[in-house]
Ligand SMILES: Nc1ncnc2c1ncn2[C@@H]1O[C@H](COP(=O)(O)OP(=O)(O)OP(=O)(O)O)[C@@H](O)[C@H]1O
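We begin with a single chain expressed as structure tokens, specifically the form predicted on its own.
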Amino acid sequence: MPYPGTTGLLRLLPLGMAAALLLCLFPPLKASRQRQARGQAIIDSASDAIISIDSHHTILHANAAAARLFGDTQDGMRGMRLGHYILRDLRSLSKHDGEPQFDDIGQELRLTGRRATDYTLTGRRSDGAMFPLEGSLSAMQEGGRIVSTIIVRDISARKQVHEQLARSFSQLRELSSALQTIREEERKHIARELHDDLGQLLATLRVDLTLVRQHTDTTLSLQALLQSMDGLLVTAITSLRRIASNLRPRALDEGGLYFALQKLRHDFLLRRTVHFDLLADEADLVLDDARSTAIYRIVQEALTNIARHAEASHITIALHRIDSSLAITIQDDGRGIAEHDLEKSTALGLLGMRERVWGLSGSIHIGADNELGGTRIEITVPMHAEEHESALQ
């Protein structure tokens, strides 16, 4: 609107002078139009698809990239409903006859793009082909109305790469689980061979040696030699049992997980002077061989790390059933573990624990312990229905 008092002045001036005076009086109008023209040119030349809509989700403008993305023309998209091109949910196709509702678009778009799995939006081309989208939304006042600008991009290639990585990760996880199973079977086989074959041979040899020592015609020097040989045989038998137990604890096969953990605690206390609490109920630890072995190895690895690095004086290990899951908590009052140490490539023990837990479809968290001040490991392992029922009987 002209400034006050300028209307009469314009009537008295020649046409050319009036036009010049208008240009002088309204430079912001010219600058605004120039800015709009430059902004529109930038939008039209952008590589990302840009769509402007009103408060009713009617498309006001779509740039060339948007037309190419959805297989349409800019003029063809203008005036169409946004839901014709961007679907909130594929299930809405059957509910709204091809014109799905598209409420809360701002919330939907803000949720996308955080991770490769957050594909809450689906695009639809003019030929009906569907493809995943991510984007962002901004709104502004324009001519007394709210105009929203949506920037979207096709992430089909990224989704394919993500799916390939997910398949590769799943295959690696399955391979790791299979290798652990094979390794445990080999350990069990070798431990059995050592105990049943070599152990029996050493035991028989010691019996024969005892018979030789009972002969009265042996000299003192020969008796001393036989005594030394018997001592070496006892040492060999003890070492053989220790090696076989490390390969596959007999308590795990003979008494189950509960007694195997009790034996593990007993052996640990023979080597370390610490306060060690093992809190568990035997009925809660009636598991199949694969889960019993994995949980035993997890606890064993945790105790190895505590012995090597923690310098702890108090250790607590608790295993309890919670509904259809087994909750395992391992805590100590040692030096703790730094956050950056958790991801070290050389932390093979922690990596092995994670792989065993993931192989059981469980979850694991390793961090600082607020109760004892050291390290706390929390593990949750789902149990099979039949195991849960057998434990209740």
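Because the structure is predicted, anything quoted here is derived from the model rather than measured. Note that residue numbering begins at 1 and tracks the sequence as displayed.
Form predicted together with the ligand: not shown, discussed below.
- Does the 4.5 Å heavy atom contact test between G336 and the ligand in the predicted bound form come out positive? Although the ligand is absent here, G336 would touch it in the predicted bound form, with heavy atoms inside 4.5 Å.
- With heavy atoms only and a cut-off of 4.5 Å, decide whether A46 touches the ligand in the predicted bound form. No.
- Task: With heavy atoms only and a cut-off of 4.5 Å, decide whether I42 touches the ligand in the predicted bound form.
- Result: No - in the predicted bound form, heavy atoms of I42 and the ligand never come within 4.5 Å of each other.
- Using 4.5 Å between non-hydrogen atoms, is H365 touching the ligand in the predicted bound form? Result no; H365 lies far from the ligand in the predicted bound form.
- Query: Can we say R308, D332 and K344 each have a non-hydrogen atom within 4.5 Å of the ligand in the predicted bound form?
  - Reply: Heavy-atom distance to the ligand in the predicted bound form: all three under 4.5 Å.
- Task: Consider the chain as shown here, without its partner, and state which of L350, I50, I59, L360 has a heavy atom within 4.5 Å of the ligand in the predicted bound form.
- Result: If I apply the 4.5 Å criterion carefully, the residue I get is L350.
- Message: Going by heavy atom distances of 4.5 angstroms or less, which of E301, E184, D230, D284 would be at the interface with the ligand in the predicted bound form?
- Response: So the residue touching the ligand in the predicted bound form, by this definition, is E301.
- Query: in the predicted bound form, which of 336 to 344, 321 to 329, 64 to 72, 50 to 58 comes within 4.5 Å of the ligand (heavy atoms)?
  - Reply: Contact criterion met by 336 to 344 only.
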